[in-house]
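The chain that follows stands alone, in the form predicted alone, written as structure tokens.
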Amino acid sequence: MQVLTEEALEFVAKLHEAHAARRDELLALRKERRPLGFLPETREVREGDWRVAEAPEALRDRRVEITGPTERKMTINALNSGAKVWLADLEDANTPHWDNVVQGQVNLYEAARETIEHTSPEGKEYKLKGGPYPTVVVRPRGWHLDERNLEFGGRKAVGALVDFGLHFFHNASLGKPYYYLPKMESYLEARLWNDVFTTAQKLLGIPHGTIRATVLIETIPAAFQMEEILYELRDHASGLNAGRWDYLFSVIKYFRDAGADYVLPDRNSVTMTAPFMRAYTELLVKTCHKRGAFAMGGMAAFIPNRRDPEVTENALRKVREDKTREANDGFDGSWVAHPDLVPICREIFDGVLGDRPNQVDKQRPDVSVTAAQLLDFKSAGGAATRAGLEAAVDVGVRYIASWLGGNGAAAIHNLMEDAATAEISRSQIWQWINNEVVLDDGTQVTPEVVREVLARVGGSLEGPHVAAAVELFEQVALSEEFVDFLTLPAYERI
């Protein structure tokens, strides 16, 4: 299968000609960090009487969604998982090596036609077991990432337009051109995606509104613009997702130099029951159901360990608690990262949904979320600890080493991690240093302390990319100027 055909590249070029300049303008607007709140200029949208387009049949039941990169074996495993939806990830769980970008499109092409199979180097065969298969929802790269292997109009291609454009061109005629949209920071960025969808459908003669998109609310500015984002995409909107880990990264990034009241404790101590996180998820459910959209829950990243039943039992208990909370709060489904978690998530949502495909009709008149509640980060409780610092360095370096090696979905300490993990780790250390945080053992976090931990972690790990990972982690955690996304300098190293 050839994906980089002349016709496909011409299609992607037309998307760039129409929309790349506006993308650049919107990225420039991100640099203007303004006080956060619900926008007065969009009050009419929030108070208006409107709903998103009715969901197509393939997206009405989303009670369990499995996520993962478009690597060939993982594609087959995801399709055989029994989930209702597969989030086919071309973004945070995928290193954008050119081979990964192109092969991912090949795998999606064959997945759409149910012809994909794979034989491992050891001779193990992977084949589709027979349907029904999950609905495939593709997540392209965020607006901030370029694709250096293609140029249009004398400039590097926009990664998001390459990922979306190639997939849409080759598969839209089969129906079900569905997408997850990451990392947006404003309703203007949602408007741009809507414009891209309109152009793409027009170019291929696909009926307007065929595309459906679910937006990840994973930045703190977007949390204040959920209704506006749905409104801009209303002909193409399917729902919103609570992207919890990137949301924490965004909180740290946005308030990295705002003072002690905005310093978060260890990552693992900030749970979804923290008041500011509850405010975020409850507002998301209320907003979605008010507008006829689906509310999708967050990631269960645990990977069962058959060699350690006790660890597995404790982790599964936490997964059950998490999914039970989401189902009872009104979410219509949730994410898992491993096929073994699909039955657990399905069972919990089955118990709440029964024969209904979703609970969009569950309104939340009891929920009234203020800007102050979304910004009450002190409500997280917890503390910055020595163990937390060392864990952040350890996980960050391990993940970056995996990413540089071409694997953006890394199994680390029984969790399936993607780029958000490393982003939280390095941004939190940057925040702790620049706010002179003192750990539980009395140590102030300084560059010297972090370098000591880095040296120890680097010395304990093996692999061809460890030294580069240590160097890159030091760059993005200790640089004087905060690096917006670690994947930007990391991309220059692959």
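It should be emphasised that the depicted structure is a prediction, and the values quoted were computed from it without experimental measurement. When you see a residue number, it is the position in the sequence shown, counting from 1.
The protein also exists as the form predicted together with a small molecule; that form is not presented, and the subsequent description refers to it.
Contact with the small molecule, judged by heavy atoms within 4.5 Å in the model of the complex, is confined among 345-353, 160-168, 187-195, 418-426 to 418-426. The contact residue chosen from 143, 294, 335, 231 relative to the small molecule in the model of the complex is 335, the criterion being a non-hydrogen atom within 4.5 angstroms.
Taking 133, 254, 126, 262 one by one, only a single residue has any non-hydrogen atom within 4.5 Å of the small molecule in the model of the complex, and it is 126.
Using a 4.5 Å cutoff between non-hydrogen atoms, residue 66 counts as a contact of the small molecule in the model of the complex. Although the partner is absent here, residue 317 is not a contact residue: none of its heavy atoms lies within 4.5 angstroms of the small molecule in the model of the complex. The small molecule is not shown here, and in the model of the complex it never comes within 4.5 Å of any heavy atom of residue 285. Although the partner is absent from this view, residue 77 contacts the small molecule in the model of the complex, with a non-hydrogen atom inside 4.5 angstroms.
Proximity to the small molecule in the model of the complex holds for all of 139, 299 and 409, with the criterion being a heavy atom within 4.5 Å.
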